[in-house]
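Let's start with one chain on its own, the form predicted alone, as structure tokens.
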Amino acid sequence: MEVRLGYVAMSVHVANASPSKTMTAAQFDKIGDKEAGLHKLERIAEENIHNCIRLLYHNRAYNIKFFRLSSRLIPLVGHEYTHGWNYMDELAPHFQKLGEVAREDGVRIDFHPDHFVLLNSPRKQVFDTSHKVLEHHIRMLTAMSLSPKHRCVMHVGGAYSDKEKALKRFVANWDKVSPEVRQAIMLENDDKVYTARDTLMLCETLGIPMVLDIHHHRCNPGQDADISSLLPRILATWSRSSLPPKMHISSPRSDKNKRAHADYIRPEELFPFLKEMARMTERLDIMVEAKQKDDAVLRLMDWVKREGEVHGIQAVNGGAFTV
């Protein structure tokens, strides 16, 4: 099995390259002129997109072929202050360049919309806002000339005091979701409410891929302390996707704070699991969710190069290995 590693949005090695520079609503209000405020937002967004391009060039040096873009590339999208703002008129060429670099290097790009994006909310306003946020993500991917299909991973949502009812509401609300948004979505198990089994059953019902977060599963296993029996079904949800199956990995910060992500990945927690996965799939893309971002990927690859051969693991390049 070939495994490609990726990381989330920011680098600890590339200076002054935040993709999430922003402006608050209060700062926008103080400008006092909407057109001037929108012009400043466009300049901030241009810088965020340019920094993403810099990060892709950085990734090129290490052959890192998987990257999650920040969902906050464009500040105040959807806010009442920016109502009617046609931001793509100005930003489309910059997104096009970002997409060109990603395609040139064969990089898998995706998003993880914020936690407030909830398609199973009982409140219509929350659902409507969530849908608009997802449409915004599709707009960005389209501007990059990237297919939005299976590019937005999100959690199932809240339990709202009745998890079974909330799951049924997700299915009912799915009919209200546009076909474009439905094609973009993948669902991920979480560390408190929706277990891998819950999420898998929902993905199977809706016919969409499931992203297994193995750390979340260890925090919230439900009835499946051993995930092995679910793995073939999880992988089967990717059978209609042009992309390889995807999973998330992280290590607990401490025994007392198991849900929080550590700075780095502990290889001893990861590789026994990957050996099991290797019997079921030929390709796997792994998003490393660690506080030290790209350095966590580089350190994990250092371990592979130094000790992997003993464990049947071999580096392919600076961002991938075989198991």
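Residue positions are given as counts along the sequence shown, with the first one as 1. These numbers come from a predicted model, not from an experiment.
We do not show the form predicted together with the DNA, though everything after this point is about it.
Only one of 89-97, 102-110, 203-211, 122-130 lies within 4.5 Å of the DNA in the model of the complex by heavy atoms, and it is 122-130.
With respect to the DNA in the model of the complex, the three residues Ser18, Arg72 and Ala159 uniformly fall within 4.5 angstroms at the level of their nearest heavy atom. None of the heavy atoms of Arg60 is located within 4.5 Å of the DNA in the model of the complex.
Taking non-hydrogen atoms only, Gln314 never approaches the DNA to within 4.5 angstroms in the model of the complex.
Contact check for Arg182: no non-hydrogen atom falls within 4.5 Å of the DNA in the model of the complex.
Within 4.5 Å of any heavy atom of the DNA in the model of the complex lies no heavy atom of Val12. A single residue from the set Lys168, Arg233, Lys176, His115 has any heavy atom within 4.5 angstroms of the DNA in the model of the complex; that residue is His115. Of the candidates His50, Arg266, Lys34, Lys291, Lys291 is the one whose heavy atoms come within 4.5 Å of the DNA in the model of the complex; the others do not. Contacts with the DNA in the model of the complex, taken as any heavy atom within 4.5 Å, map within 24-48 to Thr24, Ala25, Ala26, Gln27.
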